[in-house]
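Encoded as structure tokens, the following chain is the form predicted on its own, with no partner shown.
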Amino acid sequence: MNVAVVLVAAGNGERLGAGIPKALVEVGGKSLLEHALAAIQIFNPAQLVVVAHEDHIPEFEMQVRANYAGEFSIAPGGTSRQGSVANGVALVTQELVLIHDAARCFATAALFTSVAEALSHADVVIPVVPVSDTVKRVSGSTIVASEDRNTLRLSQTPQGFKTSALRSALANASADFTDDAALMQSLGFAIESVPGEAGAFKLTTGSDLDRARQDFGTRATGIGTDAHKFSDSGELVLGCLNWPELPKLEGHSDGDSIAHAIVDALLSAAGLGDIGSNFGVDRPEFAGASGEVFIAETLKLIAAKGFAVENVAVQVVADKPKIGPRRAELETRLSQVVGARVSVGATTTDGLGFLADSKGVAAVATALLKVLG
């Protein structure tokens, strides 16, 4: 999918009260920028543009380079959020673009995927969450009316657009809007929605930062990758499911790239090394072991370290098998094995590298762990 991500991270953070640009404020030992990049790395866009605070561009560039494996561009922030978005979109070369706020740094890769997929049948897509409080319309201090909260939603990011339409709208905007979807709606575009995430709340004030540190400061994230080529025999096991139409992946065990990437991500988050250092060829009892066995053993290790799994996201990179028809089955099975929500996305290499021509399967996973007790 030809999708770019513009990560808007140029805010001063004055209402946050931290004295530094908002995206550089830390939660759980990582900046908001780093947290946001973790999900974007898993989503794996065709292009990434980071809109940085103009006085801190070298620091932003250093953090992006350390936390994002792909190519990226840096654009300077504007005098308003809308101006910053325009600066970022000006560098986009892809047909579709997702605009995301670094202040919503805990949005998951699954949310990016949901918005991007909905752009196949819509011009503008935004994630929304229900309103739980009773909403009043006021005039001064007087309550004028009560709104029907069943028809109200709170908007989030990433928000998805056709790039050419958004670029034109930004160039011809006659007013500043609070989000990019409002600008598009003012020009007559229909806005479609997908379910948002409670964790993708926006950090604006000091109390938001306190909430984030309470919710996520006792959590740890990790990234894992794995790749195997197809063998000439056997039956493919991937994501703890059998795929009888394809041969087994080569490896010391069952070659389950998805399960192995999950194991690496879990171990990384807990600071326990990787799959090779824990279950390598010097451990003959794991020769030929299934991915389910590796995950089960890893769960014991991270529990002993004082962690439990919050969620896992996996991006499969392969021409075959086609993940879409069995995505729901994969997510259900892996969630059962891991004991927490697992989301699965998929992409191809567009004919590049050893994964082209169905030569193998790679996977990238991120894991979020919570501290027990």
Ligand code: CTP
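The model shown is predicted, which means the values in this text are computed figures rather than measured ones. Sequential numbering from 1, following the sequence displayed.
Keep in mind that the form predicted in complex with the named molecule is missing from the display, and what follows is about it.
From the list 232 to 240, 101 to 109, 183 to 191, 142 to 150, the contact stretch for the named molecule in the predicted bound form under a 4.5 Å heavy atom rule is 101 to 109. None of S84, T298, S257, Q156 but one reaches within 4.5 angstroms of the named molecule in the predicted bound form through a heavy atom, and that residue is S84. S80 is the sole member of T218, S290, S80, S73 with a non-hydrogen atom within 4.5 Å of the named molecule in the predicted bound form. Contact check for R15: a non-hydrogen atom falls within 4.5 Å of the named molecule in the predicted bound form. Though the partner is left out of this view, V8 does reach within 4.5 Å of the named molecule in the predicted bound form, counting heavy atoms only. Residue contact with the named molecule in the predicted bound form: R211 places no heavy atom within 4.5 Å of it. Contact annotation for K162: none of its heavy atoms lies within 4.5 Å of the named molecule in the predicted bound form.
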